[in-house]
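One chain follows as structure tokens, the form predicted on its own.
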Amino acid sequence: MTNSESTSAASQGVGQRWSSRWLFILAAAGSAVGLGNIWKFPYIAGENGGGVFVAIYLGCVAAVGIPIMISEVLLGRQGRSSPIHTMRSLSQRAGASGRWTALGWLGVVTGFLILSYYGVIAGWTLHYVWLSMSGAFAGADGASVGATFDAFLADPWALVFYQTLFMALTIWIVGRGVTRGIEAAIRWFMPLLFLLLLVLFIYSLNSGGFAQGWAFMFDLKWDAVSSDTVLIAMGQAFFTLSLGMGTMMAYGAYVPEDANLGTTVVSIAALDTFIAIAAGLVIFPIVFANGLEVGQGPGLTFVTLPLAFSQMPFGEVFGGIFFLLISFAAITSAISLTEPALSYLVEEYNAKRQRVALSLGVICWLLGLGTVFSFNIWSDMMIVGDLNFFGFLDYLSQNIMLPLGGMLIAFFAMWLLPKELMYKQLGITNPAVGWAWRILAGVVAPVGVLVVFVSTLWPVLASLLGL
């Protein structure tokens, strides 16, 4: 199939649409809401100035996150196909180099790599739903909870079992299509996520540590603000919205024509931020009420919180609810990570969606075994420097591929796509507003990501160069 034939086929290939603007908002918010919201944002907010950091973060979301997300969704809705075919057809319409198709490939590959290890870590949450509800942590102390987690990571068979369970659920959902699969899952998972969050919030409110948790996240701690605070806030604003991996471009292809992109994307960002803050107000009061140390990452989620729940009345019930909550958050993210590659293969080869989903799932599962083994039998095998297989994939995708994709998406949408198409998609009629938007989305936002990109890579480059 030639490029022109492929592009023509692709343009006809995406016939599905979100049933409503709000379902797209819930799906995109589900993509953005993941493990990072729960185990990272609340902690870095508390450690980097509390309320000051939150204010800086919201400013970065407005100046960096939202403009790039609008750009990505805009390209998806204009292209009406997978990220690869969208970039191929739009670069032709813009009279730009065909090399811009590589931007679509970059997003697809990035999402696929992230899904390969995300599926492994998300599988842990399914295991901890069972452990919590079965009372495995009842009366446990810190040493035994930590030992349970270490033993779980050391057992490759256990990790593979839960990885397989999580990936099978993800592939089954996406294989059913946009309406019967993704939308149906979102209709259940997102309301349940909000309900579980509300239940845990009420539980946290009565834990005895709510005032401390609130103070940790929202007190104005000016002494904790440094030159790195803005960089941290800007990086979090970019990464939390699932930008640069083709997800929003793929989901954007299904957005109805009458949906206002600006208000829609602002709603997604607001929902994502709300859930991140609410998660902090659930987690830290429980931690403080039990006199435990705050932290972030797997240690907080799989050691500190199980210990906290074990010391509280009805802890096994609420601990199970908590891990069910993050399982739902993880599955909505995983669904979106699958879509860019899946939509491309369905369009390119006119293949059945279920068959492609299964094939992708198997390949992703096999790649995920490298992450499984990184926690046990391959833990000492380094790929680059002190990065094992999992560390290398995580660093490559999060610190190089995602920001690179985000910068290029904003540049293409603002400066290469014919402005008439861009203005039509955004409903812009005032030339002054159009230029202001192009400066924000085409200069300020990508430069912000570039600063984070360079600041993240510089220590590594300096070490390699002996500087």
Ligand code: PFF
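Start at 1 and count along the sequence shown; that's the residue number. So that the term is clear: the rigid core is the largest set of C-alpha atoms that superpose within 1.5 Å between two forms. Keep in mind the model is a prediction, meaning the values are calculated, not measured.
Another form exists, predicted in complex with this ligand; not displayed. Remarks below refer to it.
*Asks:* Flag Thr170 as yes or no: does it have a non-hydrogen atom within 4.5 angstroms of any non-hydrogen atom of this ligand in the model of the complex?
*Replies:* Close contact is absent here: in the model of the complex, Thr170 is far from this ligand, nothing within 4.5 Å, heavy atoms only.
*Asks:* Applying a 4.5 Å heavy atom distance criterion, does Ile409 contact this ligand in the model of the complex?
*Replies:* So Ile409 does not count as contacting this ligand.
*Asks:* Please determine whether Gln163 contacts this ligand in the model of the complex, using a 4.5 Å cut-off between heavy atoms.
*Replies:* Judged by the heavy-atom cut-off of 4.5 Å, Gln163 is well away from this ligand in the model of the complex.
*Asks:* Is it the case that Ser336, even though its partner is missing from this view, gets within 4.5 Å of this ligand in the model of the complex, heavy atoms only?
*Replies:* Yes, Ser336 is a contact residue.
*Asks:* Considering this ligand in the model of the complex, which of Gln78, Ser132, Thr240, Thr304 comes within 4.5 Å of it through any heavy atom?
*Replies:* Looking at Gln78, Ser132, Thr240, Thr304 one by one, just Thr240 meets the 4.5 Å heavy-atom criterion.
*Asks:* Would you mind picking the one in Gly51, Gly59, Gly36, Gly434 that has a heavy atom within 4.5 Å of this ligand in the model of the complex?
*Replies:* Going through each option in turn, the one that passes is Gly36.
*Asks:* Hey, of 241-249, 204-212, 142-150, 342-350, which bit sits against this ligand in the model of the complex at 4.5 Å between non-hydrogen atoms?
*Replies:* The contacting stretch is 241-249.
*Asks:* Go through 117-134 residue by residue and record those having a heavy atom within 4.5 Å of this ligand in the model of the complex; state none if no residue qualifies.
*Replies:* Counting only heavy atoms within 4.5 Å of this ligand in the model of the complex, the single contacting residue of 117-134 is Tyr118.
*Asks:* For Phe41, state whether the C-alpha moves by 2 Å or more between this form and the one not shown after rigid core superposition.
*Replies:* For Phe41, whose C-alpha is compared between this form and the one not shown after core superposition, the shift is 2 Å or more.
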